[in-house]
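Only one chain is given next, in structure tokens, and it is the form predicted alone.
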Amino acid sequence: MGREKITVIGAGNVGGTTAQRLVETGRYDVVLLDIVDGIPQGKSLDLMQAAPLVGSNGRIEGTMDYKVSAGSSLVVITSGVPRKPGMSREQLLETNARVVRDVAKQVAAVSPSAILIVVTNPLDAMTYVAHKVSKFPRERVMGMAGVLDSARLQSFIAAELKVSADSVQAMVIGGHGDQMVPLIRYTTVAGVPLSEWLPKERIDALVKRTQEGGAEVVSLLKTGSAYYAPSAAIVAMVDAIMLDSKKIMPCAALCRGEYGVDDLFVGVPAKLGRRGVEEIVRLSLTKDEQAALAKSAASVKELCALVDRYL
């Protein structure tokens, strides 16, 4: 058995950095695909030349041709326009819905048994587009948001308490953005609930910073948005799936009644393995958490209703 093929679509900052992290694991053969001629080829050549220095045997190829990606085990979709300062995720909707629609159609044609991880914003609605257009089964289509949001919360807690980020366990569900639902009751430091470590007002401040995590990076960078943490989150999901680790990670998955959500992609804890989303893990939620998740799902539903007109 050779290494399995993973295709990253979109060779911008998120896609390029994801390709770098994937090829440097040495576990995968990576295809970096973009519609702008020269960018995927140039980045791939640069990454190929880095291989002897980082001890990687993974291969990478840059292309504009979907045929090169044929037979991919997993495809990461990062293509689309990024959010500009002051721009809402909703404003991205029409442009990115058309982009993801076209990508999903071409991926389904050449890699019919691939697992899809969607990263394009607005995340939950774009995952819905990819699922609807590809016609793949629900377990093979998911969105990356919760892993990133949870990592942001973990990093803020670790910095606040001056402890290793490894000691912090966090779980953020719901939509990506202001609608996310950090489950503070399930957030622990060395197995001890966060409420034992910090007063409520500090926890609330860290939650708020997590909800605005992407916007904070955008406002500092002025041009462009976050890509180091998003690409690391993508690779964590890819590894969980490809290594069949059964890791429980929050991601946008198609709920069919779980958490009172029906026929919508929304962030929930999922067991990830070689079949993709192998199980949606049911946690018991408080009334407030359930209400926050329902509100999050309602806003995703609105976006999906808008998106249907572009499909």
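Note that residue numbering follows the sequence shown and begins at 1. Quick caveat, the model's predicted, so the values are computed rather than measured.
Keep in mind that the form predicted in complex with adenosine-5-diphosphoribose is missing from the display, and what follows is about it.
With the partner omitted from this view, the residue of Ser111, Gln211, Ser79, Thr188 that lies near adenosine-5-diphosphoribose in the model of the complex is Ser79 [heavy atom within 4.5 Å].
Exactly one listed residue, out of Ser73, Ser134, Ser225, Gln179, brings a non-hydrogen atom to within 4.5 Å of adenosine-5-diphosphoribose in the model of the complex: Ser225. In the model of the complex, adenosine-5-diphosphoribose sits beyond 4.5 Å of every heavy atom of Gln154. In the model of the complex, Leu45 stays away from adenosine-5-diphosphoribose, with no heavy atom inside 4.5 Å. adenosine-5-diphosphoribose is not drawn, but in the model of the complex it has no heavy atom within 4.5 Å of Gln290.
Val23 falls outside the set of residues with a heavy atom inside 4.5 Å of adenosine-5-diphosphoribose in the model of the complex. Note that among 192-200, 165-173, 179-187, 117-125, the stretch whose heavy atoms approach adenosine-5-diphosphoribose to within 4.5 Å in the model of the complex is 117-125. Residues Ile9, Gly10, Ala11, Gly12, Asn13, Val14, Gly15 of 5-28 are found to place at least one heavy atom within 4.5 Å of adenosine-5-diphosphoribose in the model of the complex.
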